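Take a look at this one chain, the form predicted on its own, written out in structure tokens.
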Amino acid sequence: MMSFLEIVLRVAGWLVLAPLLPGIINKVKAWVAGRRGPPVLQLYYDLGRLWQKGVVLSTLASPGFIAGPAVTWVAIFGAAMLLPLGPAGAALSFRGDVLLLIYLLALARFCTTWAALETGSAFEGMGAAREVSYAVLSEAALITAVLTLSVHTGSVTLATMLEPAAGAGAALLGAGLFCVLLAENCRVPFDDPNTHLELTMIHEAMILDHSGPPLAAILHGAAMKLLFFALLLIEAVVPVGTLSPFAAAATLAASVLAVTVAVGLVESLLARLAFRRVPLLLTTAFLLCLFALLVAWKGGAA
């Protein structure tokens, strides 16, 4: 069992460190473009200002408009608490916890789209429709990746499942999960988080009418989700659990930084795909995870 202090430190780490990742991505993009760019801590300033502002509500919105972002944040935070951090383990672990993790991520998506539809806005409706349409393929890839880890380890407990497979299986799984990371966090080439054209938005279109603390919860939840998928990708392909606590912490920190910089480079060097091409890339991510599953199954059979 974890001590109370360990749980507090873990919670504080997720709350405090998550907003750092979008700042690093923006700094990398600015560096590639030869610009100074916003400060790395810009999201912290934005969150502080948003918490001090009031909330503007549509006359059509029900209490679900406020409850949606809150439940989304709690669901993402709950998924983060289930994710083991190398030899430190998870704050909550039990047999089959990976199933709860999948459902928490699905609940977060449902509540985000639900809150977007509460306003009766055509733009937010388009963003919600695109979000759930692409989720069919991205969730299929994520579930296949989880099944790969389960077949490889013979377990349905995250603490045991996140044992990397060597060779081609790890490479395929890592490539597939990186595509899932980009899609689930609405990054280029699936979406452009910096766009201001409502007709081409996905995630940003769903939060156009949010303001004040609910918008702060959405932005912080999105940062936590980015950190969550980065850690999931790292622990699926890097043997962090076999290291000492200090070496594991350093490896996780360096790997998260590397994944974050890679996301920034992808956004700098690639253009956003046309909507009709997004399913093709998501299908590629699914196939990569499927091939990793076949490698794990064949290796286990041998």
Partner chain sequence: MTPGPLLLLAATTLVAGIVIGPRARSAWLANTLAGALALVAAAILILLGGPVWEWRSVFLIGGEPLHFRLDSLSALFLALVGVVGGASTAYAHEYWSDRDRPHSAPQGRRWSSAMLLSMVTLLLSANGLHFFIAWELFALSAYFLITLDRGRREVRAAGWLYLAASHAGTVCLFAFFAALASRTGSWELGPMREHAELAPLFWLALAGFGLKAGMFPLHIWLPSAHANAPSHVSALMSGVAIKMGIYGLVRFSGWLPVSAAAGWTVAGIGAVTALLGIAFAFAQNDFKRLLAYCSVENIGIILVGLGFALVAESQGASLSVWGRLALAGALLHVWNHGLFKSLLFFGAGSVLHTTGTREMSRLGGLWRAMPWTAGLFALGALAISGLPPLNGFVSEWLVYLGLLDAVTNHGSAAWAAMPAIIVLGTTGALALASFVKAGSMIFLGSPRTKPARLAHECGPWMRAPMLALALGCVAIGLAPAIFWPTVARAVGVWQPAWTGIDAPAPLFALGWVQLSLAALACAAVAALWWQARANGLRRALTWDCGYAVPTAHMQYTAGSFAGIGAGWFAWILQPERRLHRPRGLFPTDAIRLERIPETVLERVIGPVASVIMRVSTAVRRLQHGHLHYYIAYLLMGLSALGTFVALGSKP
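In this text, all values refer to a predicted model and were calculated from it rather than measured experimentally. Positions refer to the first chain, counted from 1.
Omitted from view is the form predicted in complex with the partner chain, to which the following refers.
- Query: From the list Ala171, Ala88, Ala159, Leu92, which entry has a heavy atom within 4.5 Å of the partner chain in the model of the complex?
  - Reply: Result of the distance check: Leu92.
| Which one, 228 to 236, 185 to 193, 213 to 221, 171 to 179, holds residues whose non-hydrogen atoms are within 4.5 Å of the partner chain in the model of the complex? | Every other range fails; the passing one is 213 to 221.
Can you confirm whether Ile24, Val32 and Thr200, the three residues that make up this candidate site, all sit within 4.5 Å of the partner chain in the model of the complex, judged by heavy atoms?
Not a single listed residue reaches the partner chain in the model of the complex, so no.
| message | Even though the partner isn't displayed, in the model of the complex is Pro245 close enough to the partner chain, meaning a heavy atom within 4.5 Å? | response | Because no heavy atom of Pro245 falls inside 4.5 Å of the partner chain in the model of the complex, the answer is no.
Answer with yes or no whether Leu17 is in contact with the partner chain in the model of the complex, where contact means some heavy atom within 4.5 Å.
-> Leu17 lies outside the contact set for the partner chain.
Q.
With a cut-off of 4.5 Å between heavy atoms, is Ala254 one of the residues that contacts the partner chain in the model of the complex?
A. Because no heavy atom of Ala254 falls inside 4.5 Å of the partner chain in the model of the complex, the answer is no.
Quiz prompt | Heavy atom of Val11 within 4.5 Å of the partner chain in the model of the complex | solution = Val11: no contact with the partner chain in the model of the complex.
**Q.** Residues in 263 to 294 close to the partner chain in the model of the complex, defined by a heavy atom within 4.5 Å, in order
**A.** Those in contact are Pro279, Phe286, Leu290, Leu293.
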